[in-house]
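Encoded as structure tokens, the following chain is the form predicted alone, with no partner shown.
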């Protein structure tokens, strides 16, 4: 079996599934859920999907170990990935190793952030990524195993063990897996990755260290303006890192809400502009102690309010989900950038 930490193979004899999982727990490799033994053949099948991707990986915090396709593949196999999912895992690893992502900071923080993976392009359909109903939830092997593979790689290669280098006070369910696709087919706007400068035919992952989705329920508003007022109110919370951070965050608009906004003439830049200004939190809603804390951090009060993004463009707008009048706000760690990578598909 492949060692998920090193480019080595382990002779575990006739160890069965249950024995392997007990062994993996003893080694500190497990996230607590059952794992698939990373046999040499399974690891090789994953690596084969990325032949030609020879760019070296930078060191992964906090251990500063150099990942390889083999060590990433061993963790992907343990997570339950099929070989065809592996390019998304590799691209996600490259994204979090971008210095702008601030991987070390996202692990050392007590904030409950986890790497959120948004998938765009043709790979969504090839891999069976859920972009529609329950896209944040259970039931899709690709979503679950791709996000899980990244987390296992961060634990086992990077050394981001919970309670050790991963210092999150409470953590979140997103730390098991957080992967979904944009519902490009039902989006009334250009796909997210195209707005980020990629071609429509590119398959792309974009990553942000994020909290789990915060639901936005609006069954009453019948106009785009009304829906955006509700979403802005959901962003405008006093307990999110966005109120004093300097990072993008994501608004995931459900297809029904998106259709209403499009009908009323709302473009993505106009949505970003409105949400940027309307979500700013009035100073009087923030405790005196926090006002002093933010002042010491250099947070600027503008027009008597705290803004949750540096610019309107920091608000990342994606369409995802199925039928129903719901959207979501996804706050981030607050000291990061959105990092995108093409999938290494040959």
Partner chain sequence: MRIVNPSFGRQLDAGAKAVSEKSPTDWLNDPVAIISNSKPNAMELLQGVRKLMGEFRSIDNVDYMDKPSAAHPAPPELVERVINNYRGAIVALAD
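As the structure is a prediction and not an experimental result, all values here were calculated from the model. Residue numbers count along the first chain shown, from 1.
One more form of this protein should be noted, the form predicted together with its partner chain, which is absent from this view; the next part is about it.
Undergrad: Given that its partner chain is left out here, which of 64, 48, 33, 301 has a heavy atom within 4.5 Å of it in the predicted complex?
TA: When its partner chain is considered in the predicted complex, the option within 4.5 Å is 64.
Undergrad: I have 223, 260 and 268 flagged as a candidate spot, so tell me whether each of them has a non-hydrogen atom within 4.5 Å of its partner chain in the predicted complex.
TA: Not one of the three qualifies.
Undergrad: Given that the partner is absent here, does residue 157 sit within 4.5 Å of its partner chain in the predicted complex, heavy atoms only?
TA: Yes.
Undergrad: May I ask you to state whether residue 215 is within 4.5 Å of its partner chain in the predicted complex, using heavy atom distances?
TA: It does not: once its partner chain is placed as it appears in the predicted complex, residue 215 has no heavy atom within 4.5 Å of it.
Undergrad: Just to confirm, residue 74 within 4.5 Å of its partner chain in the predicted complex by heavy atoms?
TA: It does: once its partner chain is placed as it appears in the predicted complex, residue 74 has a heavy atom within 4.5 Å of it.
Undergrad: Although its partner chain is absent from this view, report whether residue 312 comes within 4.5 Å of it in the predicted complex, heavy atoms only.
TA: Flag for residue 312 set to no.
Undergrad: Since the chain is shown here on its own, which stretch among 103-111, 122-130, 178-186, 81-89 would lie within 4.5 Å of its partner chain in the predicted complex, judged by heavy atoms?
TA: Residues of 103-111 come within 4.5 Å of the partner.
Undergrad: Looking at its partner chain in the predicted complex, which residues in 20-46 have at least one heavy atom within 4.5 Å of it?
TA: In sequence order, 20, 29, 37, 38, 39, 40, 43 come within 4.5 Å of the partner.
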